[in-house]
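Two forms, one chain: they're shown below as structure tokens, one block per form, named structure 1 and structure 2.
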Structure 1
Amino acid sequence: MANPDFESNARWRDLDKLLLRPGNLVNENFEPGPQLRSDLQEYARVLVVGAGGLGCELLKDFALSGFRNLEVIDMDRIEVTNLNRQFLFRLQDVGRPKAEVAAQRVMERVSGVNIVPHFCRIEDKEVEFYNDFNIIALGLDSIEARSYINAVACSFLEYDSEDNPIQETMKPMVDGGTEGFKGHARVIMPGVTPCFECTIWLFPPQVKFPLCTLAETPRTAAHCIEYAHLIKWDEVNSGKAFDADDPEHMQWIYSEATKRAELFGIPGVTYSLTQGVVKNIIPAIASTNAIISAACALEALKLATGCSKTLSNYLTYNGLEGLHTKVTEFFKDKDCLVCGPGVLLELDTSITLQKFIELVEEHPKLLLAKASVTHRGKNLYMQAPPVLEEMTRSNLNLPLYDLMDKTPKDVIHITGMVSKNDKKTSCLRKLRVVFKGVDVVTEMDTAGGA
């Protein structure tokens, strides 16, 4: 690998046209010049969440847009069905962690770029991990994961005393998503543009078949498959967990579904459909992923350098019937629990951490189960892993006020589980805690009293 310090400018022949020259259709903070490119290379830190169809493209796009400090997080291993679009992976990579292979492949090809892979769940990282990046790029296919990262990024946002968001605490995100020939790319500037949660209605939950249809009046092949999957499996294999990645399990579902279809005279059950229904497979192709990822990476480059105007703020792409692109400016929900100033809780200075957690679990706007509590990056109580739980358990009986170093008013982060559409998901919430009877005094006084 070439020493990046000696890398010649010739490599950035094309990018430099954009970064070194002044323009009129640019962001107001644009300061063109060689310093801009070297700042981008040196200081911009980007996290790519997901190393799948979008993630592979994003890593390549960032590496070829002048970014050098990249990290990527993904919990999945490579599968054969990834190979039609996740271009950094080969057949011999099947079974290896996506994040590691993707990082390695891009670093081999593009000298000077450094990519740190994280082969783990997004919830496994401490919240502070995410604060280390200037931009977070989301290449995900699940609503829950998007929602989680969005909440983490928004949790860093602080508001001033007049409830205006403080620029330095904004953690911008670019988010892409695809399904077949369709996709979207969006820019989220927490506190300014709507966050993922403000416009959650854009992602309606999947409609499930009513159980009585499956059990009594099946009509389609999918009904027969879901009957085998959701009802018959448990009846026959009591206690054995169904594993969609186990081919024997899938084969069983398929043959049960076939039997049921024959019984009712319903056509259309195939093995491929069985997999599609059970695993809820979303069709995916290389071109749409490439288009959407590139749009996201370009927006990230604009956020980092100001070299052009920003997408404001939601782009949809549809290549199914002709070619349609559309930009929609959505507005943020000022009462959003995630990107707003946070739920305000007025507390007595005597409340213990234990009581506080109970309060949070019962609060109608929160309803968080299994809550863990952090304050300014310090773990006050952690439900998991067991080592941390043990270490923080003794805090439960201490007053929250003391644990917060007698700060009269501050932001607290809670992670826990919420139930949404009968599904438990990880969730992070920002709370504004104010202690009753304590004047908000100057920092000096607090320091003196502590």
Structure 2
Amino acid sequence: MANPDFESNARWRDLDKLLLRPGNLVNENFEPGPQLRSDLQEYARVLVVGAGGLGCELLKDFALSGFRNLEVIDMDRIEVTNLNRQFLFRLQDVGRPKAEVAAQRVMERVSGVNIVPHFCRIEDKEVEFYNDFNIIALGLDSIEARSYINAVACSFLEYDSEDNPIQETMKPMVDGGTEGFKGHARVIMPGVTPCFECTIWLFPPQVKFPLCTLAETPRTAAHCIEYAHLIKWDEVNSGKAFDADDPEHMQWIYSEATKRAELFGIPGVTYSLTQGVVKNIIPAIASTNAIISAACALEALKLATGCSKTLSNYLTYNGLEGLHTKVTEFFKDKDCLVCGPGVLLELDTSITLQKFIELVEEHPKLLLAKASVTHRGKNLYMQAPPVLEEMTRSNLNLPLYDLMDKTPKDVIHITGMVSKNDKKTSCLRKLRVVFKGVDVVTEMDTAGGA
């Protein structure tokens, strides 16, 4: 009869090699011993954001690395085109939520792990939801989604009176990304390493085609597809919104793009290319996802246990011709609006919440629209949903100083819309508010926020 203790030890043999003995590269606080694995399995909580090609790999790798308390959030449903690389899904799963199926499949294969799925947009969760996790792992294909999670994680960071980050408030993130045979893995320690916003320049601008080229001189299959998508659809279907997830709409775009391509003698229009251009689908390869996920899972294990020093702080992988990996250390932008101490605003105690919102929306560094305001988890004013707007509307005429319980110096969080590349996206910003003429009590003298 099999010995369950022996089976358990054999299962975690490789993990124990990292956790049971010291080394030259371990974190300064690392204390090897069997309790470390138990603590990892019992207390470490990891959120995986995204359940696509990279997210599936991350869930599997975390579960096999000793993490038992996992949650995953994703707003998409499974499509047939996902099946070639998102290995947790089967043909019968098409149409089901990715997060739910991915969680179910991993729990079926890895005993002892508990994965809670969330089928919703990342913006639908309260900010405090993200504060419940020790590590946030990103498996996203969207710059906007990365920016949002980055801002949320950095919003928990507190600074002391000398603008030094307080370690206990840091929310570590592990970010992975792939495109074809290329990929990256990075570790973000808010306040120490550069956050996503500090290095936004690493991401190339999205390709855009001039409308005159699409309408008059198309030269590629993508031009023909974008013509059908951006011009022809509105001409023929006036007032009807295009839905990229509707097969009939996509088939119409493909048919019109094919006619356009034949007219100008341009080859290469296919249905899959039409989907890729219209939905801005990034090419993905299963092996690249597996490699990048492994790097991210290892970094998460280092963060959770201290068994080795973490990546410092950006790894690139290129498997296009042979194999090339490189680690680059980028530096934090001390003036970053997201991971820095926050924009400093000196205010009169008489300023109302309404005037404060107007000031924020006109601030040259912020330029936020439709701002909602929170202080230490309390909603001072919310633009949406309507029920919350109605509940908090009466606060607009009250002094901000009173709404902040007459705290002379503290942090306010603002959620609003910003325009980037002609596209409006939601963002979270941190503001340091100091009221003039009010003595700052020592225990209040922090630039942090809940």
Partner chain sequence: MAETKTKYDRQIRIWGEQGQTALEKASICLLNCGPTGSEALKNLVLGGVGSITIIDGSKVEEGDLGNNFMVDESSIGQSKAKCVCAFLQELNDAVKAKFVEESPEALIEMNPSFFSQFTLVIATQLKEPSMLKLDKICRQADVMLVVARSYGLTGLVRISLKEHTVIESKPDHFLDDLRLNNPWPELKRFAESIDLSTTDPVVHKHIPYVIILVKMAEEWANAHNGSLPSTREEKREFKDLLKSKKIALDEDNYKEAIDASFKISASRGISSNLRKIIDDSSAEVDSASSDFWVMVAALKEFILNEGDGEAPLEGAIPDMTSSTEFYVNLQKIYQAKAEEDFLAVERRVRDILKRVGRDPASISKGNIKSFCRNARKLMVCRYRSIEDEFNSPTLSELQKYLTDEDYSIAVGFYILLRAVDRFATNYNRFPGLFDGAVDEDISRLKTIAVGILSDLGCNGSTLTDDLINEMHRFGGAELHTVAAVIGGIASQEVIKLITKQFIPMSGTFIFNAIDHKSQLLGL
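Throughout, rigid core stands for the largest set of C-alpha atoms superposing within 1.5 Å between the two forms. This one's a predicted model, so the numbers in the text were calculated from it and none came from an experiment. Quick note, the numbers are simply positions in structure 1, starting from 1.
Structure number of the form predicted alone: That would be structure 2, which is the form predicted alone.
Compare the position of the CA of S272 between the two structures after a rigid core fit and state whether the shift reaches 2 Å. It does, since the S272 C-alpha is displaced 2 Å or more between the two structures after the core fit.
When you overlay the rigid core, is the Cα of A221 off by 2 Å or more between the two structures? Yes; A221 is a residue whose C-alpha shifts (by 2 Å or more) between the two structures when the cores are overlaid.
So that I can tell if D335 moves, could you say whether its C-alpha shifts by at least 2 Å between the two structures after the core superposition? For D335, whose C-alpha is compared between the two structures after core superposition, the shift is less than 2 Å.
So, with the core fitted, how far does E248 move at its Cα between the two structures, in angstrom? Its C-alpha position differs by 3.2 Å.
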